[in-house]
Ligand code: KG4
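Okay, so here's just one chain, in structure tokens, the form predicted alone.
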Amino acid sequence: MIILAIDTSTDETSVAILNGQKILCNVISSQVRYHKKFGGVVPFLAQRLHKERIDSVISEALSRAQTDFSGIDAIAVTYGPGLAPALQVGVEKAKLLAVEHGLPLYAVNHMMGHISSCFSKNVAKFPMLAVLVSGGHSELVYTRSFGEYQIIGQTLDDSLGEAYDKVARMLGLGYPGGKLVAKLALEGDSAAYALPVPMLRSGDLNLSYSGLKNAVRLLIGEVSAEGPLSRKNIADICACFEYVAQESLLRKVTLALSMYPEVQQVALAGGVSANVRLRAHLRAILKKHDLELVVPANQKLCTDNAAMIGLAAHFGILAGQKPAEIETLDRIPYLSLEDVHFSE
């Protein structure tokens, strides 16, 4: 089935075309430079930019895939979670295209998209533990199949990606700063300063990063009191933050594997899944359990993109997902993975 997929969940206007699991094109139009001066995504600015770009991005995707709507079998679109004004643009455009061209429309959960991003080339093994780490979510998901998800752990406040961006802002690194924090962390000494590991003794699989964020703020104040922050100071703070933030997550993954010994595979997805240290540390843990780590095939699939939405639609259809009711389909900004249910 040839699927045209649309994602406008946050600040990327993206359209992809897939033939099954094969990605024919994955067009992403970024809005970062427009939101940068605000230090974060402005929802209604994102909506306006999506509206301005969506038609040209669709045209570019069709051109790159060397096809037109006569060669498309279905439409897929993110309907949640995400920013309500941004989601609205994609959902409305998808509905219009489905009606205009007489095509079935599949509504896709954005987080299922992130999990699916690991399987453009890899083969899924169930039950699976999905580790979702993005700017908006940090979740441990027990996955019985594509379409059967149980959230067994999640952040109680900030997500891991959000914590990276907030630390970047505190250090004056700009927006989006998560990648800059990770890059500087490679230069720094992770033992230079002591920071508390969040949720160390909670006994459950939940995560929390607001306390760590505050600890970093206090640390920056202490170091700054001795003089202007040097590049070495900043790199050391980034390294200490990254070590502790990832250590918290890795301990929860280790605990999850002990609680769910039947897990056959671990999938790491979301924007932070591109982090080289996180991948290396997670692989080291999984080696002890004789488990495979699967990640997106390339960097483009780690962040928000439409190809992962097309993959999710593909796997959803195989699992029994039915087309959406076009007249009643609407955005759901706080949609949960546990809301995914497919008929067999």
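Numbering starts at 1 and follows the sequence shown. Everything quoted here is computed from the prediction, not taken from an experiment.
A second form of this protein, the form predicted in complex with the named molecule, is not displayed here; the remarks below concern that form.
Asks: Could you check which residue among 271, 198, 188, 90 gets a heavy atom within 4.5 Å of the named molecule in the predicted complex?
Replies: Flagged contact: 271.
Asks: Sort through 85, 136, 104, 80 and report the residue having a heavy atom within 4.5 Å of the named molecule in the predicted complex.
Replies: Contact residue from the list: 136.
Asks: In the predicted complex, which of 297 to 305, 311 to 319, 59 to 67, 31 to 39 comes within 4.5 Å of the named molecule (heavy atoms)?
Replies: Heavy-atom contact with the partner occurs in 297 to 305.
Asks: Closest heavy atom of residue 144 to the named molecule in the predicted complex, within 4.5 Å or not?
Replies: No, no contact at 4.5 Å.
Asks: Any chance residue 275 has a heavy atom within 4.5 Å of the named molecule in the predicted complex?
Replies: Residue 275: yes, in contact with the named molecule in the predicted complex.
Asks: So, residue 113 and the named molecule: in the predicted complex, are they within 4.5 Å at any heavy atom pair?
Replies: Output for residue 113 is no: heavy atoms all beyond 4.5 Å of the named molecule.
Asks: Hey, in the predicted complex, does residue 158 get a heavy atom within 4.5 angstroms of the named molecule?
Replies: Judged by the heavy-atom cut-off of 4.5 Å, residue 158 is well away from the named molecule in the predicted complex.
Asks: Let me know which residues along 145 to 166 have a heavy atom within 4.5 Å of the named molecule in the predicted complex, or say none if there are none.
Replies: 161, 162, 164, 165 sit within 4.5 Å of the partner.
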